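Consider the single chain below, provided in structure tokens and representing the form predicted alone.
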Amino acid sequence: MKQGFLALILAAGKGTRFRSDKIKVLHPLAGKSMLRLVVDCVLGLKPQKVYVVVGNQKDEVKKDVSLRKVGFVTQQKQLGTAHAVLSAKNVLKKEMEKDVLVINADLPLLRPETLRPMLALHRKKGNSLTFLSAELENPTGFGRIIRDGDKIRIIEEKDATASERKIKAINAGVYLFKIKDLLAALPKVSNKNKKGEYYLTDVHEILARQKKKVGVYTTKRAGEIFGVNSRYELAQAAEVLRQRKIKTLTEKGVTVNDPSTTWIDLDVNIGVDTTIHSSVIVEGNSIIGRQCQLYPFVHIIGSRLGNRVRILTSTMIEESTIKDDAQVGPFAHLRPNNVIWQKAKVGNFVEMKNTVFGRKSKAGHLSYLGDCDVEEEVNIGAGTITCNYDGKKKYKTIIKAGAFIGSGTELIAPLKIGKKAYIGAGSTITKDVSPGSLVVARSKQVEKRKKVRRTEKK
């Protein structure tokens, strides 16, 4: 639209069919809440201002979209959609000559390109109201559009007769109003219906009686008109978003070997020529570089991978950074706040937490490194453990460049291992080690021959 318009997103209801302590529109799918998906769709239309109508759990709703440029109005009591819009009267009356887009917050599949033709039609026709419609094979959950010649009437599903419920033409819950006509009509809406609520759809008939221009835009993208009212429908919507995301990635040069078993959240970015093998999950705002390989059963959450990184089978990575040409796995677990530098290798059954692991350093297998700074070209032998926690506080271990940590070593933090120091296998290190030193800290082996009594079965 050339002229600026406002947008109003209705998000005050609870959603009782979800049977949840969390209101419906805050439930996530593909890494975003239902509300955030609708907010992002609306922002894609470039409105002058977006307002969210809040009610139930309003503080949580505000927090969920706090990073978006939106305002809020409160519906103190949830008395219906018309009442929700009326709650925004004070902000709407400041822009009486503009239009307002009103949309329900439980339509997570809508995209801006689906709504743009509706906005264009509204402007072209000079309508007081234009609403979005579609023909659905399963119209359950939506109000129906009743046509009588040139006359159009909207009836809510709960107030529809059995024959009216068979109608496939639905009201999608998206409206574009001239603000001055909307505010004049809202006080005339009645709550004489089965639910005792003030329906926004009644504004249509009020405007029609006043000979105002009312139009309908029927979209051909009926698959996007999907209202989420149950957890099963939430799963169905999430599946659509999953397929959309994977299709978009493949079009940008990413190989996804088995789309049916791959889950990638909407905010994930993946570079060209990266290959995603089967049963991979990538969540949050993760960034995967170019020419990476993610092997089966890899699970990545909120992490950043450089180029040519290999993540081997059955590895979990949480909120960590992995630099170019590094390799992690198989069966490794990176807990939050790790940085794995270029060409480093983290191998089988290695766990790390809050650790910086240097360039070309190696931890091949069966080790735990927590609260560590490991410099370049360090070798961590099998079974090495940093003992970083005394029950109250956590302490740091520093391992300088080129050090060699023998297998089965316990490093008792706080501790510093000097550059190119060598720790003998099976040592328990409690004191700092000087650069270039060889340290062996084992109990003395004692052998007493023929002193062991064996109990033999006869």
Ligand code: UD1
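So that there is no doubt, residue numbering starts at 1 and follows the sequence shown. Please read these numbers as outputs of a predicted model, since none were measured by experiment.
Keep in mind the form predicted in complex with the named molecule is missing from the figure; the text below concerns it.
Taking the partner from elsewhere, residue 99 is found to have every heavy atom lying beyond 4.5 Å of the named molecule in the model of the complex. Looking at residue 381, you'd find every heavy atom of it more than 4.5 angstroms from the named molecule in the model of the complex. Heavy atoms of residue 289 never reach within 4.5 Å of the named molecule in the model of the complex, leaving it off the interface. Not displayed here, the named molecule is approached by residue 142 to within 4.5 Å at the level of heavy atoms in the model of the complex. Annotation: in the model of the complex, residues 80, 84 and 195 each come within 4.5 Å of the named molecule through at least one heavy atom. Stretch-level contact analysis of 343-351, 197-205, 360-368, 267-275 against the named molecule in the model of the complex, using heavy atoms and a 4.5 Å limit, identifies 197-205.
Between the named molecule and the residues 171, 355, 320, 386, the one pair within 4.5 Å by heavy atoms in the model of the complex involves 171. Only one of the listed residues (303, 315, 104, 133) places a non-hydrogen atom within 4.5 angstroms of the named molecule in the model of the complex, and that residue is 104.
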